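Starting off, we have a lone chain in the form predicted alone, written out as structure tokens.
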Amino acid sequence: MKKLLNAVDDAVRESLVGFGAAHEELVRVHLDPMYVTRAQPLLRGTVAVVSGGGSGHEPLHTGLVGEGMLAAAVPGEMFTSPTPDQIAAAYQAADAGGGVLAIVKNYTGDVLNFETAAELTDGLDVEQVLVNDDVAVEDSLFTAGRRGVAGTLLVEKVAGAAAERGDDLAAVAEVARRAAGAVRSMGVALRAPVVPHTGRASFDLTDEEVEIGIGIHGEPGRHREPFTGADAITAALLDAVTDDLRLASGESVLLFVNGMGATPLSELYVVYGRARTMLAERGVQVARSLVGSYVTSLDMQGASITVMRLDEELTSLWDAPVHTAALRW
């Protein structure tokens, strides 16, 4: 294993320090316990949208702290949930009197620790929204039910925009749940990630194989199959997503093609182009798009496809201004 790290146990902390120095106009990094907040506090009465989870998925979640999106993010160690004391500290630091909306990926450790953190913050109004957009599995060793994966970014953007426009906590939670219900994802690995603490790949693939339906923590997928090219893989992922969403001709969607950490942007656009053509053939309009490596799995080579069914309000919230390290418009 060769990685640009020093001591493995210091990897997350050192990365956070560098991130904070690079984006000091946007964020403040807190190290004891570890969490990230906006450099400028929220306006009084604004809902604080907070998220987090294990590190290794950058720029999710720390790179999405900023105007129009997250008020705070809580990074755990690599592929490990943050602890309740970290999360509670982030809740208290981010709160501006409007309450806290926690957006939580559906992994057992994350769910339990975010719930425990809410119990530690006496008097703070906390709502929790689960994201479970991965259509690949119903159950795994990491979660009860479907996992939260790349669709988490879309839910965070919509919720952050609703909070920024002044919605109260109940309204922000409602729109976040509606977005979570409208989004589905599925991913593929061409090569598994190497976790620094183990120094080896999470699972083994030959040069002739791909793993369909992987998770973002290096979990194996739904099945393994021969590599037959980008179009066939794209069709397998998109068919699973659109079948689960039950998309109909005439609907509008946001199409998000996400890189898993070691996939060139040029390859992601090949996947996007084929997915968009397939949707057009089914009469589905791609009204909004996002392509890039935003919800990664360390150095996994692969991609995921996410589709979110749009309505007028979700489209408006997606289009609303955002200024973070990873997303800006």
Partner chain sequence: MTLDVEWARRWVALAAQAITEAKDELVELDREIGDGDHGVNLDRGFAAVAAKIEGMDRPATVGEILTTVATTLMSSVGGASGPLYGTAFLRAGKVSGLAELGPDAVVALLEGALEGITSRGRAGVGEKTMVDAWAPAVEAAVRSAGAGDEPAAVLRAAADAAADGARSTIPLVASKGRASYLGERSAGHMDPGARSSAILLDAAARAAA
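Predicted, not measured: the structure shown is a model, and the values here were computed from it. Numbering follows the first chain given and starts at 1.
As for the form predicted in complex with its partner chain, it is not shown, yet the points below apply to it.
Taking its partner chain in the model of the complex as the reference, which of Thr83, Gln128, Gln92, Ser252 has a non-hydrogen atom within 4.5 Å?
It is Thr83 that has a heavy atom within 4.5 Å of the partner.
Of these, 240-248, 151-159, 174-182, 200-208, which stretch puts a heavy atom within 4.5 angstroms of its partner chain in the model of the complex?
Only one stretch passes the 4.5 Å heavy-atom test: 200-208.
Triple contact flag Gln40, Glu67 and Gly166 to its partner chain in the model of the complex, non-hydrogen atom at 4.5 angstroms:
No, the whole trio is out of contact, none within 4.5 Å by any heavy atom.
With a 4.5 Å heavy atom cut-off, would you call Leu112 a contact of its partner chain in the model of the complex?
Although its partner chain is absent here, Leu112 would touch it in the model of the complex, with heavy atoms inside 4.5 Å.
Looking in the model of the complex, any heavy atom of Gly99 within 4.5 Å of its partner chain?
No.
How about Phe79 - does it come within 4.5 Å of its partner chain in the model of the complex, if we only consider non-hydrogen atoms?
Yes.
So, in the model of the complex, is Leu124 in contact with its partner chain at a 4.5 angstroms heavy atom limit?
Answer no; every heavy atom of Leu124 is more than 4.5 Å from its partner chain in the model of the complex.
Would you mind checking 256-290 for residues with a heavy atom within 4.5 Å of its partner chain in the model of the complex?
Nothing in this stretch is in contact.
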